[in-house]
Ligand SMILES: OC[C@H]1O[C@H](O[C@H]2O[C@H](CO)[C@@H](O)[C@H](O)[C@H]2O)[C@H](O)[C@@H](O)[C@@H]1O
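Single chain ahead, written as C-alpha coordinates, the form predicted on its own.
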Amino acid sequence: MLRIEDYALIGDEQTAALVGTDGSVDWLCLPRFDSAACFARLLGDESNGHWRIAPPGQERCARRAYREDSLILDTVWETPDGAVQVTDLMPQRHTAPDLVRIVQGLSGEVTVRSTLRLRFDYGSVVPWVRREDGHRVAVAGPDSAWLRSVPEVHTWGEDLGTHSEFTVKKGERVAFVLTWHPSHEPRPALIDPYASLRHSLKDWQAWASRCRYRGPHRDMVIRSLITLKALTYRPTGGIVAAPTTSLPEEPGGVRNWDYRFCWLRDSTLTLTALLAAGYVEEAEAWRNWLLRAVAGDPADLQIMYGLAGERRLPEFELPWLAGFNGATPVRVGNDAVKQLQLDVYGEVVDSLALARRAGLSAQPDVWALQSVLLDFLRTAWRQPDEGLWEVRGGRRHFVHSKVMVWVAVDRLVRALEEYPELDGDLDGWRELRDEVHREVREKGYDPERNTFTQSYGSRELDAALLLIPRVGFLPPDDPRVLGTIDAIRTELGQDGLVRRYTADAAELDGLPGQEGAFLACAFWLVDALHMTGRTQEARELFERLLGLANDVGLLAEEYDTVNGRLLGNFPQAFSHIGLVNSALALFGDEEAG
(Lines give C-alpha, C1' and ligand atoms only; values in the text may rest on other atoms or scores of the structure.)
Protein backbone atom coordinates (compact mmCIF):
# COMPACT_ATOMS: atom_id res chain seq x y z
CA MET A 1 0.00 0.00 0.00
CA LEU A 2 1.18 3.48 -0.79
CA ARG A 3 1.76 6.03 1.96
CA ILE A 4 0.42 9.59 1.87
CA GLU A 5 3.91 10.88 1.11
CA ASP A 6 4.10 8.61 -1.95
CA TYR A 7 1.76 10.93 -3.85
CA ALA A 8 2.40 14.03 -5.93
CA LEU A 9 -0.07 16.72 -7.00
CA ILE A 10 -1.04 17.91 -10.47
CA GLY A 11 -3.93 20.24 -11.26
CA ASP A 12 -5.49 22.92 -13.43
CA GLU A 13 -6.61 25.44 -10.74
CA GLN A 14 -10.11 24.00 -10.72
CA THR A 15 -9.41 20.47 -9.58
CA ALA A 16 -6.41 18.28 -8.83
CA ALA A 17 -5.16 14.71 -9.09
CA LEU A 18 -2.81 12.65 -6.94
CA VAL A 19 -0.21 10.50 -8.73
CA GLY A 20 1.55 7.73 -6.81
CA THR A 21 5.10 6.44 -7.00
CA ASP A 22 3.62 3.36 -8.69
CA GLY A 23 2.51 5.47 -11.66
CA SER A 24 -1.17 5.39 -10.73
CA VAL A 25 -3.53 8.37 -10.60
CA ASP A 26 -5.52 7.38 -7.51
CA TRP A 27 -7.56 10.51 -6.81
CA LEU A 28 -9.31 12.93 -9.15
CA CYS A 29 -12.59 14.81 -8.73
CA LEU A 30 -14.21 16.21 -11.87
CA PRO A 31 -14.98 18.89 -12.79
CA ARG A 32 -14.24 20.67 -9.46
CA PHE A 33 -12.24 19.99 -6.31
CA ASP A 34 -15.47 19.20 -4.47
CA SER A 35 -17.07 17.08 -7.21
CA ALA A 36 -17.43 13.32 -6.88
CA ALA A 37 -14.22 11.44 -7.61
CA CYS A 38 -13.82 9.38 -10.76
CA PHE A 39 -10.57 7.88 -9.38
CA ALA A 40 -11.00 6.88 -5.72
CA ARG A 41 -8.43 4.12 -5.23
CA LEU A 42 -6.81 6.46 -2.68
CA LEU A 43 -9.69 5.67 -0.32
CA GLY A 44 -10.49 2.17 -1.53
CA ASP A 45 -8.91 -0.21 -4.01
CA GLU A 46 -8.41 -0.55 -7.76
CA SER A 47 -12.08 -1.34 -8.30
CA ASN A 48 -12.90 2.20 -7.11
CA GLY A 49 -11.09 3.80 -10.01
CA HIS A 50 -7.48 4.56 -10.98
CA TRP A 51 -5.21 5.01 -14.01
CA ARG A 52 -1.81 3.39 -13.94
CA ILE A 53 0.91 3.80 -16.56
CA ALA A 54 4.12 1.87 -15.90
CA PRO A 55 6.32 -0.90 -17.31
CA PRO A 56 4.80 -4.31 -16.48
CA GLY A 57 6.20 -5.83 -13.30
CA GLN A 58 7.55 -2.52 -11.99
CA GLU A 59 5.97 -1.58 -8.64
CA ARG A 60 7.76 1.66 -7.84
CA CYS A 61 9.43 4.30 -9.99
CA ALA A 62 13.17 4.92 -9.87
CA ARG A 63 12.73 8.64 -9.23
CA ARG A 64 10.38 11.52 -9.86
CA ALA A 65 10.46 15.31 -9.73
CA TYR A 66 8.57 18.39 -10.79
CA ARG A 67 10.04 20.27 -13.69
CA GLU A 68 11.68 23.39 -12.33
CA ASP A 69 9.17 25.90 -10.93
CA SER A 70 6.13 24.09 -12.34
CA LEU A 71 3.36 21.61 -11.51
CA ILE A 72 4.46 19.23 -14.26
CA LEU A 73 5.54 15.87 -12.86
CA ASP A 74 8.18 13.63 -14.45
CA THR A 75 8.35 10.02 -13.26
CA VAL A 76 11.27 7.86 -14.42
CA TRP A 77 11.21 4.07 -14.65
CA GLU A 78 14.33 1.97 -15.11
CA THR A 79 14.08 -1.61 -16.39
CA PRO A 80 16.56 -4.21 -17.66
CA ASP A 81 15.51 -3.21 -21.20
CA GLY A 82 15.94 0.53 -20.79
CA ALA A 83 14.41 3.61 -19.17
CA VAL A 84 11.20 5.50 -19.76
CA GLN A 85 9.68 8.71 -18.43
CA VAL A 86 6.00 9.49 -17.79
CA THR A 87 5.09 13.18 -17.69
CA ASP A 88 1.82 14.08 -15.96
CA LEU A 89 -0.01 17.41 -16.10
CA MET A 90 -3.42 19.02 -16.18
CA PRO A 91 -3.30 22.02 -18.55
CA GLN A 92 -5.30 25.11 -17.64
CA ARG A 93 -8.65 24.40 -19.15
CA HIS A 94 -10.55 26.34 -21.77
CA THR A 95 -13.87 24.53 -21.46
CA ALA A 96 -13.23 20.99 -20.20
CA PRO A 97 -10.67 19.45 -17.82
CA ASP A 98 -7.93 17.37 -19.45
CA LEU A 99 -5.52 14.93 -17.83
CA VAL A 100 -2.42 14.50 -20.00
CA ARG A 101 0.08 11.64 -19.58
CA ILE A 102 3.05 11.56 -21.95
CA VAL A 103 5.31 8.49 -22.18
CA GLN A 104 8.81 9.08 -23.56
CA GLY A 105 11.60 6.59 -24.14
CA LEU A 106 14.91 7.54 -22.53
CA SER A 107 17.05 4.53 -23.44
CA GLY A 108 16.71 1.03 -24.85
CA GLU A 109 13.26 -0.27 -25.78
CA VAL A 110 10.71 -0.48 -22.98
CA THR A 111 7.26 -2.05 -22.87
CA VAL A 112 4.69 0.15 -21.13
CA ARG A 113 1.19 -0.74 -20.01
CA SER A 114 -1.75 1.60 -19.34
CA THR A 115 -4.67 0.42 -17.20
CA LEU A 116 -7.60 2.81 -16.87
CA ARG A 117 -10.58 2.12 -14.63
CA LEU A 118 -13.03 4.99 -14.52
CA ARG A 119 -15.50 4.83 -11.63
CA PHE A 120 -17.79 7.80 -11.25
CA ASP A 121 -19.45 8.94 -8.01
CA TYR A 122 -16.56 8.10 -5.68
CA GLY A 123 -15.88 4.71 -7.18
CA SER A 124 -19.44 3.43 -7.03
CA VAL A 125 -20.56 3.71 -10.69
CA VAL A 126 -19.08 1.65 -13.52
CA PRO A 127 -19.57 3.54 -16.82
CA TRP A 128 -20.56 2.13 -20.18
CA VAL A 129 -17.54 2.27 -22.51
CA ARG A 130 -17.67 2.34 -26.32
CA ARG A 131 -15.40 3.20 -29.24
CA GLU A 132 -15.98 6.34 -31.27
CA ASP A 133 -13.67 8.08 -33.76
CA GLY A 134 -10.54 6.54 -32.31
CA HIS A 135 -11.59 7.31 -28.74
CA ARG A 136 -12.72 5.22 -25.82
CA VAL A 137 -15.85 6.96 -24.49
CA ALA A 138 -17.11 6.27 -20.95
CA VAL A 139 -20.61 7.42 -19.99
CA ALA A 140 -22.64 7.08 -16.79
CA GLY A 141 -25.46 9.44 -15.91
CA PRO A 142 -24.22 13.05 -16.00
CA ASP A 143 -20.57 12.13 -16.56
CA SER A 144 -18.69 11.42 -19.76
CA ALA A 145 -14.96 10.94 -20.35
CA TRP A 146 -13.01 10.50 -23.59
CA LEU A 147 -9.66 8.73 -23.83
CA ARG A 148 -7.34 8.97 -26.83
CA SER A 149 -3.65 8.47 -27.56
CA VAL A 150 -1.28 10.35 -29.87
CA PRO A 151 -0.15 8.39 -31.84
CA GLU A 152 -2.90 5.81 -31.49
CA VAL A 153 -1.89 2.59 -29.75
CA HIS A 154 -3.63 -0.75 -29.41
CA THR A 155 -6.36 -0.53 -26.75
CA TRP A 156 -8.80 -3.14 -25.51
CA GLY A 157 -11.39 -3.65 -22.79
CA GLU A 158 -10.94 -6.26 -20.06
CA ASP A 159 -12.00 -6.70 -16.40
CA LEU A 160 -14.12 -3.53 -16.53
CA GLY A 161 -11.07 -1.53 -17.52
CA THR A 162 -9.43 -0.05 -20.60
CA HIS A 163 -5.96 -1.38 -21.35
CA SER A 164 -3.12 -0.44 -23.68
CA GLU A 165 0.35 -1.93 -24.18
CA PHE A 166 3.11 -0.61 -26.44
CA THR A 167 6.87 -0.15 -26.65
CA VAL A 168 8.93 3.04 -26.85
CA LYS A 169 12.53 3.51 -27.90
CA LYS A 170 14.77 6.43 -27.00
CA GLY A 171 13.13 9.66 -28.20
CA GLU A 172 9.77 8.09 -29.04
CA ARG A 173 6.65 9.49 -27.37
CA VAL A 174 3.08 8.39 -26.79
CA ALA A 175 0.61 10.81 -25.23
CA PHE A 176 -2.69 9.94 -23.57
CA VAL A 177 -5.42 12.52 -23.01
CA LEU A 178 -8.44 11.93 -20.78
CA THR A 179 -11.13 14.61 -21.15
CA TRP A 180 -14.25 14.96 -18.99
CA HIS A 181 -17.45 16.77 -19.92
CA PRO A 182 -21.16 16.62 -19.05
CA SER A 183 -22.67 13.67 -20.89
CA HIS A 184 -25.47 15.75 -22.41
CA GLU A 185 -23.01 18.06 -24.17
CA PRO A 186 -20.98 17.39 -27.34
CA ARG A 187 -17.34 16.37 -27.05
CA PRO A 188 -15.07 19.36 -26.34
CA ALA A 189 -12.42 20.47 -28.80
CA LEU A 190 -9.33 18.27 -28.80
CA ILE A 191 -6.12 19.63 -27.31
CA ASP A 192 -2.59 19.00 -28.57
CA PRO A 193 -0.92 17.25 -25.62
CA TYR A 194 2.59 18.23 -26.64
CA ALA A 195 1.68 21.89 -27.16
CA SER A 196 -0.17 21.80 -23.82
CA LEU A 197 3.01 20.59 -22.14
CA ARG A 198 5.06 23.45 -23.61
CA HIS A 199 2.49 26.10 -22.76
CA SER A 200 1.91 24.78 -19.23
CA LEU A 201 5.61 24.74 -18.45
CA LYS A 202 6.02 28.28 -19.75
CA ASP A 203 2.99 29.53 -17.79
CA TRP A 204 4.05 27.97 -14.48
CA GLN A 205 7.62 29.19 -14.74
CA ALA A 206 6.48 32.70 -15.64
CA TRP A 207 4.20 32.69 -12.60
CA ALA A 208 6.96 31.42 -10.30
CA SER A 209 9.37 34.08 -11.55
CA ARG A 210 7.12 36.77 -10.02
CA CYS A 211 8.05 35.62 -6.50
CA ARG A 212 9.92 38.39 -4.70
CA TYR A 213 11.57 36.09 -2.18
CA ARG A 214 15.27 35.45 -2.88
CA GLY A 215 16.37 34.06 0.46
CA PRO A 216 17.45 30.59 1.61
CA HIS A 217 15.30 27.60 0.69
CA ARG A 218 13.72 29.50 -2.17
CA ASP A 219 12.96 26.22 -3.94
CA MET A 220 10.73 25.11 -1.03
CA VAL A 221 9.05 28.51 -0.82
CA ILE A 222 8.32 28.40 -4.56
CA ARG A 223 7.01 24.84 -4.27
CA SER A 224 4.68 25.90 -1.46
CA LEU A 225 3.44 28.90 -3.45
CA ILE A 226 2.86 26.72 -6.52
CA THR A 227 0.91 24.33 -4.30
CA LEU A 228 -1.27 27.20 -3.02
CA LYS A 229 -1.82 28.31 -6.61
CA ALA A 230 -2.81 24.76 -7.53
CA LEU A 231 -5.32 24.69 -4.65
CA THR A 232 -6.95 27.90 -5.88
CA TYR A 233 -10.30 27.59 -7.62
CA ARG A 234 -9.51 30.00 -10.44
CA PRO A 235 -13.09 31.05 -11.34
CA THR A 236 -13.72 32.52 -7.86
CA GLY A 237 -10.33 32.93 -6.16
CA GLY A 238 -11.24 30.60 -3.29
CA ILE A 239 -8.45 28.37 -1.94
CA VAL A 240 -9.31 24.88 -0.72
CA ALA A 241 -7.68 23.60 2.46
CA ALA A 242 -6.69 20.41 0.62
CA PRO A 243 -7.82 18.56 -2.54
CA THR A 244 -8.70 15.38 -0.61
CA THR A 245 -11.15 14.01 1.89
CA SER A 246 -10.75 11.48 4.69
CA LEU A 247 -7.00 10.98 4.69
CA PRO A 248 -6.65 9.97 8.34
CA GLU A 249 -5.11 12.04 11.13
CA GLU A 250 -4.39 8.76 12.90
CA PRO A 251 -3.44 5.51 11.11
CA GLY A 252 -6.57 3.40 10.90
CA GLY A 253 -8.53 5.94 12.96
CA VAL A 254 -11.82 7.80 12.61
CA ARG A 255 -10.48 11.36 12.47
CA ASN A 256 -11.16 11.61 8.76
CA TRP A 257 -12.60 14.84 7.34
CA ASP A 258 -13.40 16.49 4.02
CA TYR A 259 -11.07 19.44 3.40
CA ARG A 260 -12.17 20.38 -0.14
CA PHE A 261 -13.62 23.68 1.05
CA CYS A 262 -12.41 27.19 1.89
CA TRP A 263 -11.86 28.08 5.56
CA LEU A 264 -12.05 31.68 6.78
CA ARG A 265 -9.42 30.93 9.42
CA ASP A 266 -6.80 30.68 6.68
CA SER A 267 -7.53 34.14 5.34
CA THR A 268 -5.07 36.42 7.14
CA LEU A 269 -2.17 33.96 6.93
CA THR A 270 -2.90 33.32 3.25
CA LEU A 271 -3.02 37.02 2.43
CA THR A 272 0.20 37.60 4.35
CA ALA A 273 2.01 34.91 2.38
CA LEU A 274 0.71 35.97 -1.03
CA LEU A 275 1.28 39.69 -0.53
CA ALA A 276 4.75 39.31 0.94
CA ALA A 277 5.80 37.02 -1.90
CA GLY A 278 4.53 39.49 -4.50
CA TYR A 279 1.32 37.79 -5.64
CA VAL A 280 -1.03 40.75 -5.37
CA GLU A 281 -3.47 39.50 -8.03
CA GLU A 282 -3.99 36.20 -6.22
CA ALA A 283 -4.29 37.98 -2.86
CA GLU A 284 -6.93 40.29 -4.26
CA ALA A 285 -8.88 37.37 -5.74
CA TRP A 286 -8.83 35.64 -2.34
CA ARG A 287 -9.91 38.86 -0.58
CA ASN A 288 -12.79 39.28 -3.04
CA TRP A 289 -13.87 35.67 -2.52
CA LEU A 290 -13.85 36.37 1.21
CA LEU A 291 -16.06 39.45 0.84
CA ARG A 292 -18.62 37.56 -1.27
CA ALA A 293 -18.66 34.58 1.07
CA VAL A 294 -19.23 36.50 4.31
CA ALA A 295 -21.85 38.91 2.93
CA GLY A 296 -25.14 38.70 4.79
CA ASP A 297 -26.29 38.55 8.39
CA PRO A 298 -23.19 38.49 10.66
CA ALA A 299 -24.95 36.01 12.92
CA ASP A 300 -24.87 33.58 9.99
CA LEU A 301 -21.11 33.86 9.38
CA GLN A 302 -19.72 30.38 8.74
CA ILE A 303 -16.24 29.03 9.39
CA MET A 304 -16.00 27.61 5.87
CA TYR A 305 -17.70 27.87 2.50
CA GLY A 306 -17.73 26.10 -0.83
CA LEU A 307 -15.49 27.06 -3.74
CA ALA A 308 -17.90 29.75 -4.91
CA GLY A 309 -19.12 30.66 -1.43
CA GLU A 310 -21.73 27.91 -1.09
CA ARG A 311 -23.09 27.61 2.45
CA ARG A 312 -24.58 24.13 2.51
CA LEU A 313 -21.90 21.46 2.93
CA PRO A 314 -23.84 18.51 4.41
CA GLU A 315 -21.71 15.71 5.81
CA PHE A 316 -22.36 12.06 4.94
CA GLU A 317 -20.41 8.82 4.70
CA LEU A 318 -19.44 6.57 1.77
CA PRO A 319 -19.69 3.03 3.20
CA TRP A 320 -18.52 1.31 -0.01
CA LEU A 321 -15.02 2.81 0.37
CA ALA A 322 -12.71 0.93 2.75
CA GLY A 323 -10.75 4.06 3.65
CA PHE A 324 -7.06 4.90 3.31
CA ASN A 325 -5.28 1.83 4.70
CA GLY A 326 -8.55 0.89 6.40
CA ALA A 327 -9.26 4.25 8.09
CA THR A 328 -13.03 4.69 8.12
CA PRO A 329 -15.45 6.31 7.81
CA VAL A 330 -14.89 8.08 4.50
CA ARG A 331 -16.73 11.39 4.77
CA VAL A 332 -18.01 13.89 2.19
CA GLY A 333 -19.07 17.35 3.32
CA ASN A 334 -18.28 18.79 6.74
CA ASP A 335 -20.74 19.29 9.60
CA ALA A 336 -18.33 21.70 11.28
CA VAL A 337 -19.83 24.29 8.95
CA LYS A 338 -22.66 24.59 11.51
CA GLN A 339 -20.37 25.47 14.40
CA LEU A 340 -19.92 28.81 16.11
CA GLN A 341 -16.27 29.81 16.00
CA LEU A 342 -15.82 33.37 17.18
CA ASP A 343 -12.23 33.56 16.00
CA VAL A 344 -13.35 33.80 12.36
CA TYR A 345 -14.70 37.30 12.99
CA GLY A 346 -11.24 38.40 14.00
CA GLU A 347 -9.67 36.68 11.04
CA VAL A 348 -12.07 38.32 8.58
CA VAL A 349 -11.56 41.81 10.01
CA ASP A 350 -7.79 41.30 10.27
CA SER A 351 -7.69 40.16 6.64
CA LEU A 352 -9.56 43.23 5.45
CA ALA A 353 -7.28 45.47 7.51
CA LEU A 354 -4.24 43.80 5.96
CA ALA A 355 -5.71 44.23 2.48
CA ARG A 356 -6.29 47.93 3.18
CA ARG A 357 -2.72 48.46 4.41
CA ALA A 358 -1.34 46.57 1.41
CA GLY A 359 -3.18 48.89 -0.97
CA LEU A 360 -5.52 46.35 -2.54
CA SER A 361 -8.28 47.99 -4.55
CA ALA A 362 -11.06 49.44 -2.43
CA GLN A 363 -14.39 47.63 -2.39
CA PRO A 364 -17.73 49.30 -1.65
CA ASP A 365 -19.33 48.74 1.73
CA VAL A 366 -16.29 46.98 3.25
CA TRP A 367 -16.26 49.32 6.23
CA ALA A 368 -20.00 48.90 6.70
CA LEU A 369 -19.55 45.12 6.67
CA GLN A 370 -16.84 45.27 9.33
CA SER A 371 -18.93 47.61 11.49
CA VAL A 372 -21.88 45.22 11.35
CA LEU A 373 -19.61 42.30 12.31
CA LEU A 374 -18.41 44.27 15.31
CA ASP A 375 -21.95 45.16 16.34
CA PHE A 376 -22.67 41.43 16.44
CA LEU A 377 -19.54 40.76 18.53
CA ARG A 378 -20.54 43.33 21.19
CA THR A 379 -22.72 40.68 22.79
CA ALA A 380 -21.79 37.46 20.99
CA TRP A 381 -18.20 37.50 22.22
CA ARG A 382 -19.35 36.39 25.67
CA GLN A 383 -20.66 33.09 24.30
CA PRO A 384 -18.70 29.84 24.43
CA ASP A 385 -17.86 28.37 21.02
CA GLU A 386 -16.30 25.33 19.36
CA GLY A 387 -12.98 27.09 18.68
CA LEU A 388 -10.73 26.99 15.65
CA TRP A 389 -10.08 23.25 16.06
CA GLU A 390 -13.77 22.55 15.47
CA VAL A 391 -14.19 20.37 18.53
CA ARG A 392 -17.23 18.13 18.69
CA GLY A 393 -17.23 17.68 22.45
CA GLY A 394 -19.17 20.81 23.41
CA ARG A 395 -18.62 24.56 23.47
CA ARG A 396 -16.12 26.30 25.74
CA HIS A 397 -14.73 29.76 26.32
CA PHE A 398 -11.66 29.20 24.18
CA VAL A 399 -8.90 31.73 24.82
CA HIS A 400 -7.81 31.87 21.19
CA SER A 401 -11.38 32.74 20.17
CA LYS A 402 -11.47 35.61 22.66
CA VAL A 403 -8.05 36.83 21.51
CA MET A 404 -9.31 36.96 17.93
CA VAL A 405 -12.39 38.88 19.07
CA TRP A 406 -9.93 41.38 20.54
CA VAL A 407 -8.15 41.44 17.16
CA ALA A 408 -11.40 42.33 15.38
CA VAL A 409 -12.09 45.23 17.74
CA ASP A 410 -8.48 46.39 17.76
CA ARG A 411 -8.23 46.57 13.98
CA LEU A 412 -11.36 48.68 13.71
CA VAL A 413 -10.21 50.99 16.49
CA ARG A 414 -6.92 51.49 14.69
CA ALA A 415 -8.71 52.17 11.42
CA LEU A 416 -10.89 54.84 13.05
CA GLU A 417 -7.85 56.42 14.66
CA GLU A 418 -6.11 56.58 11.28
CA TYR A 419 -9.19 57.55 9.26
CA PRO A 420 -11.42 59.66 11.53
CA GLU A 421 -13.77 60.35 8.63
CA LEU A 422 -15.08 56.79 8.92
CA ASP A 423 -18.25 56.20 10.91
CA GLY A 424 -17.87 54.32 14.17
CA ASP A 425 -18.18 54.38 17.94
CA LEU A 426 -14.51 54.94 18.75
CA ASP A 427 -14.97 55.34 22.51
CA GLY A 428 -17.32 52.37 22.73
CA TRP A 429 -15.01 50.17 20.67
CA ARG A 430 -11.99 51.14 22.76
CA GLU A 431 -13.94 50.22 25.87
CA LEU A 432 -14.91 46.85 24.35
CA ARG A 433 -11.32 46.19 23.32
CA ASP A 434 -10.09 46.88 26.86
CA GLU A 435 -12.84 44.70 28.34
CA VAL A 436 -11.99 41.69 26.18
CA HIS A 437 -8.28 42.13 26.85
CA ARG A 438 -8.84 42.34 30.60
CA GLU A 439 -11.09 39.27 30.71
CA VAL A 440 -8.63 37.12 28.74
CA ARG A 441 -5.78 38.15 31.06
CA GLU A 442 -7.87 37.34 34.12
CA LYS A 443 -9.72 34.17 33.07
CA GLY A 444 -7.50 32.69 30.38
CA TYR A 445 -4.17 32.88 32.20
CA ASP A 446 -2.72 30.47 34.77
CA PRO A 447 -0.37 32.49 37.02
CA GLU A 448 0.95 29.38 38.77
CA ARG A 449 2.39 28.01 35.54
CA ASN A 450 2.84 31.39 33.83
CA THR A 451 0.90 30.38 30.73
CA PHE A 452 -2.33 31.14 28.96
CA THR A 453 -4.66 28.14 28.81
CA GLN A 454 -6.88 26.61 26.18
CA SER A 455 -10.12 27.80 27.77
CA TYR A 456 -11.26 29.69 30.82
CA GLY A 457 -10.65 27.72 34.01
CA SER A 458 -8.79 24.96 32.19
CA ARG A 459 -5.28 23.70 32.80
CA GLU A 460 -5.00 22.42 29.25
CA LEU A 461 -2.93 24.17 26.60
CA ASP A 462 -3.57 25.01 22.96
CA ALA A 463 -0.97 25.55 20.25
CA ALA A 464 -3.07 28.43 18.86
CA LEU A 465 -1.85 30.46 21.85
CA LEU A 466 1.45 30.74 19.97
CA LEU A 467 -0.30 33.36 17.82
CA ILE A 468 -0.73 35.81 20.73
CA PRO A 469 2.39 37.85 19.92
CA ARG A 470 1.81 37.61 16.18
CA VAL A 471 -1.60 39.25 16.35
CA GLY A 472 -0.36 41.89 18.80
CA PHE A 473 -2.42 40.90 21.83
CA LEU A 474 0.76 41.12 23.94
CA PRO A 475 4.30 42.08 22.96
CA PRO A 476 6.77 39.25 22.28
CA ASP A 477 8.89 40.10 25.33
CA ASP A 478 5.97 39.93 27.77
CA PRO A 479 6.76 37.29 30.45
CA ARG A 480 3.32 35.73 29.93
CA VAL A 481 4.09 35.21 26.22
CA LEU A 482 7.48 33.68 26.99
CA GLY A 483 5.91 31.43 29.61
CA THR A 484 3.19 30.29 27.22
CA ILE A 485 5.71 29.40 24.51
CA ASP A 486 7.80 27.38 26.97
CA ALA A 487 4.74 25.61 28.41
CA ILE A 488 3.52 24.63 24.94
CA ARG A 489 6.93 23.27 24.01
CA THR A 490 6.98 21.21 27.22
CA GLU A 491 3.39 19.97 27.37
CA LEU A 492 2.40 19.82 23.71
CA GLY A 493 5.80 18.99 22.30
CA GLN A 494 6.09 15.72 20.41
CA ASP A 495 9.62 14.81 19.41
CA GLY A 496 10.38 18.49 18.85
CA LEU A 497 7.15 19.17 16.96
CA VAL A 498 3.80 20.40 18.32
CA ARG A 499 0.40 18.83 18.89
CA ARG A 500 -2.67 21.06 18.67
CA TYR A 501 -3.89 20.34 22.18
CA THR A 502 -3.77 17.86 25.04
CA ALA A 503 -2.90 14.22 24.48
CA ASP A 504 -6.19 13.20 26.14
CA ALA A 505 -8.31 14.71 23.38
CA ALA A 506 -11.41 12.52 23.51
CA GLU A 507 -13.22 14.67 26.08
CA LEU A 508 -12.48 17.85 24.12
CA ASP A 509 -13.25 16.80 20.56
CA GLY A 510 -15.61 13.91 21.23
CA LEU A 511 -13.57 11.40 19.20
CA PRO A 512 -11.51 8.37 20.19
CA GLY A 513 -7.84 7.99 19.41
CA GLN A 514 -5.06 10.50 18.94
CA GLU A 515 -3.60 12.52 16.09
CA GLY A 516 -0.14 13.42 14.90
CA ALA A 517 1.86 16.59 15.36
CA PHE A 518 0.16 19.48 13.56
CA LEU A 519 2.61 20.99 11.09
CA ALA A 520 1.07 24.47 10.93
CA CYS A 521 1.47 24.72 14.72
CA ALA A 522 5.15 23.88 14.39
CA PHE A 523 5.54 26.75 11.93
CA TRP A 524 3.73 29.00 14.44
CA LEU A 525 6.33 27.92 16.99
CA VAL A 526 9.06 28.88 14.53
CA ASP A 527 7.53 32.35 14.24
CA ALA A 528 7.05 32.72 18.00
CA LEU A 529 10.64 31.70 18.74
CA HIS A 530 11.91 34.16 16.16
CA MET A 531 9.75 36.99 17.52
CA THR A 532 11.02 36.36 21.05
CA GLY A 533 14.67 36.52 20.03
CA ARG A 534 15.39 32.78 19.79
CA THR A 535 16.09 32.95 16.08
CA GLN A 536 18.70 30.18 16.04
CA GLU A 537 16.24 27.75 17.62
CA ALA A 538 13.60 28.94 15.17
CA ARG A 539 15.84 28.28 12.19
CA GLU A 540 16.77 24.82 13.45
CA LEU A 541 13.10 23.89 13.81
CA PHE A 542 12.35 25.36 10.38
CA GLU A 543 15.09 23.23 8.82
CA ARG A 544 13.65 20.15 10.46
CA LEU A 545 10.17 20.92 9.17
CA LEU A 546 11.51 21.25 5.62
CA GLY A 547 12.92 17.76 6.00
CA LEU A 548 9.43 16.36 6.66
CA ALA A 549 8.23 17.24 3.15
CA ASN A 550 8.06 14.33 0.72
CA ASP A 551 10.43 13.82 -2.19
CA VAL A 552 8.62 16.43 -4.32
CA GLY A 553 8.32 19.04 -1.55
CA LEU A 554 4.74 18.48 -0.39
CA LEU A 555 3.39 18.51 3.18
CA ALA A 556 0.25 17.01 4.67
CA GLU A 557 -1.65 18.35 7.67
CA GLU A 558 0.16 16.35 10.35
CA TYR A 559 3.19 14.17 11.00
CA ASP A 560 3.42 10.84 12.81
CA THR A 561 6.65 11.15 14.79
CA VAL A 562 6.55 7.50 15.89
CA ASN A 563 6.33 5.96 12.42
CA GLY A 564 7.89 8.84 10.48
CA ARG A 565 4.91 9.35 8.17
CA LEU A 566 2.71 12.16 6.95
CA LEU A 567 -0.89 12.17 8.18
CA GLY A 568 -4.10 13.94 7.21
CA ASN A 569 -5.35 15.51 4.02
CA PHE A 570 -2.70 16.18 1.40
CA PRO A 571 -1.23 18.46 0.33
CA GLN A 572 -2.38 20.82 3.04
CA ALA A 573 -2.62 24.55 2.30
CA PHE A 574 -2.29 25.49 5.99
CA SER A 575 1.08 23.71 6.23
CA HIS A 576 2.43 25.34 3.07
CA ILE A 577 1.16 28.76 4.16
CA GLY A 578 3.07 28.26 7.40
CA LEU A 579 6.23 27.36 5.50
CA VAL A 580 6.07 30.48 3.34
CA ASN A 581 5.34 32.84 6.23
CA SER A 582 8.08 31.36 8.40
CA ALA A 583 10.62 31.62 5.60
CA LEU A 584 9.66 35.24 5.02
CA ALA A 585 9.89 35.98 8.75
CA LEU A 586 13.26 34.28 9.20
CA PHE A 587 15.01 35.34 6.02
CA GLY A 588 12.85 37.87 4.18
CA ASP A 589 14.38 41.03 5.61
CA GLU A 590 17.92 40.02 4.86
CA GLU A 591 17.57 38.48 1.41
CA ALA A 592 14.17 39.19 -0.14
CA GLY A 593 14.31 41.13 -3.39
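Throughout, we count residues from 1 along the sequence that is shown. All figures in this text were calculated on a predicted structure; none of them were measured in a lab.
As for the form predicted together with this ligand, it is not shown, yet the points below apply to it.
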Q. Applying a 4.5 Å heavy atom distance criterion, does residue 570 contact this ligand in the model of the complex?
A. no
Q. At the 4.5 Å heavy atom threshold, is residue 557 in contact with this ligand in the model of the complex?
A. yes
Q | in the model of the complex, residue 390 touching this ligand (heavy atom, 4.5 Å) | A | yes
Q: Spell out, yes or no, whether the shortest heavy atom distance between residue 500 and this ligand in the model of the complex is within 4.5 Å.
A: yes
(Q) By the heavy atom within 4.5 Å rule, which residue out of 345, 259, 146, 279 makes contact with this ligand in the model of the complex? (A) 259
Q) Since exactly one of 119, 265, 223, 287 fits, which has a heavy atom within 4.5 Å of this ligand in the model of the complex? A) 265
**Q.** Candidate stretches 444-452, 332-340, 364-372, 423-431 - the one whose heavy atoms come within 4.5 Å of this ligand in the model of the complex
**A.** 332-340
Q. Which residues, if any, of 231-245 lie within 4.5 Å of this ligand in the model of the complex when only heavy atoms count?
A. 241
